[in-house]
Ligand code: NAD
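Given next, in structure tokens, is a single chain: the form predicted alone.
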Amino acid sequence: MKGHWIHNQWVENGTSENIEVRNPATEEILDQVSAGSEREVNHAVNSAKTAFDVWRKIPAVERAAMLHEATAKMRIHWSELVELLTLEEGKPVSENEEEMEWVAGTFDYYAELGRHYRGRVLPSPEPENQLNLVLKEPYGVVGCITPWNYPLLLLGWKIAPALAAGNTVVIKPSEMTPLSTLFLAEKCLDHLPPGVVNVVTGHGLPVGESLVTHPDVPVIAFTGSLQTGQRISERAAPMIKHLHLELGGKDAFVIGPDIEIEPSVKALAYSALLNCGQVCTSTERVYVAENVSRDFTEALVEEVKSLRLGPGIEPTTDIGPMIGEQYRAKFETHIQDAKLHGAEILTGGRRPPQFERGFFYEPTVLTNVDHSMLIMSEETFGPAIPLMTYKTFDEAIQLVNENKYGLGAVLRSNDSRLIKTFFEEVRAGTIWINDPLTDNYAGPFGGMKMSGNARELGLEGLNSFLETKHVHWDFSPEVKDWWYPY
């Protein structure tokens, strides 16, 4: 049984309510955590607010050393973190190894970026006796509300830059995957001054809501659904909070007319089925050039059939379970809606009969789909690959842009003219050419349109947690010609 991590110590819950954390591959209970309330949020925010006055004044080079120390501790506890991620979230071990590499690398990246970035000097209107500075300063307490699909990666993308910038944090992890966050805080971040990192577990109501509406939390960093992001925006608006929202996606993948079949099939299978399709940038719409459609579809079906389902902890597993029954049920409504409106299932389309327990679903390839179907218009978040064909590349671009989301998009092609058209015309925050879902510590990640306004990673990720102050300094006490009287 886990309590809350506040002020570098375990804090018991004010109520007796607990939350069971289950292994999605077996449905077995892994542990229980406290279901927090407004009381625990207030305690954590007060701790973070007090710590902010200390943390923001620590020299950047010393903060950098402490972030590097956090990475060193992650390396010490590496196998425990990977196993815990696998058990509570379901991804295969190899995918969680990659997640941990990204978490560690993100801390190291922002440790160095934070130690040398303070703002800039501007040319002054009166250069002889004036100095103009643009200073970047931390906001204060950052409320971090993180999802279940990448519990530590998406946490690291928030707290590493927030801490490097001099902010303190209060974290509300998903109630489905809180264990790895609590472990990270206790084992890898415990050397930070008390109150710099705090974790309050519980449900969105009341914990997330209390964090969003707390008057001493000027920044909310959230990754999750569009609907929750809209509620956060509504609740935070009266206090003019700085919102850092990474919301849903309905990412498109375009198969160009000039592609090689085999590598393109493997690229698509990876981008659509990574983490059982439960990635905000998962490919959820595929547009295939008519001239390669038949051969491409046949090869894709064979590739998908070859993938092995199973618990993520087993080394032979390619695709693990979905996170929970409610998510699998929603996914099934998208599959059924597509079938009802004329889609054809080429492989998959059912719960695998070999698993009596666990939230498994066979990876599913569909054809004869169109934009009237849920599976081509709303976020599906599951192991589906729906295929449409197109005649001209202009038509493909139009199809890609016909969606309210704009998180990412992928093109497979070696034609430089098509590539240039694609990255100039597609309205999405990240454009991948040939190598899908690859990130870069120095490259900003985030969406356009209804996918939110956040930018994580890169200098943009650091700036998300810094306020801008302009300093106009005149060295001379003399009266100015433009003062009164005129």
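Nothing here was measured: the structure is a model prediction, and the numbers come from that model. Residue positions are given as counts along the sequence shown, with the first one as 1.
This next part talks about the form predicted together with nicotinamide-adenine-dinucleotide (NAD), which is not shown.
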{"property": "R231 within 4.5 Å of nicotinamide-adenine-dinucleotide (NAD) in the predicted complex, heavy atoms", "result": "yes"}
{"property": "nicotinamide-adenine-dinucleotide (NAD) contact at T389 in the predicted complex, heavy atom, 4.5 Å", "result": "no"}
{"property": "Partner contact for F52 in the predicted complex: nicotinamide-adenine-dinucleotide (NAD), 4.5 angstroms, heavy atom", "result": "no"}
{"property": "Proximity of E95 to nicotinamide-adenine-dinucleotide (NAD) in the predicted complex, heavy atoms at 4.5 Å", "result": "no"}
{"property": "P147, G224 and E379 all contacting nicotinamide-adenine-dinucleotide (NAD) in the predicted complex, non-hydrogen atom within 4.5 Å", "result": "yes"}
{"property": "Contact stretch among 288-296, 207-215, 114-122, 341-349 - heavy atom within 4.5 Å of nicotinamide-adenine-dinucleotide (NAD) in the predicted complex", "result": "207-215"}
{"property": "In the predicted complex, the residue from C280, V365, A272, V169 that sits within 4.5 Å of nicotinamide-adenine-dinucleotide (NAD) by heavy atoms", "result": "C280"}
{"property": "Candidate from P173, G143, G320, G156 lying within 4.5 Å of nicotinamide-adenine-dinucleotide (NAD) in the predicted complex - any heavy atom", "result": "P173"}
{"property": "Contact set, 236-256 vs nicotinamide-adenine-dinucleotide (NAD) in the predicted complex - heavy atom within 4.5 angstroms", "result": "E246, L247, G248, G249"}
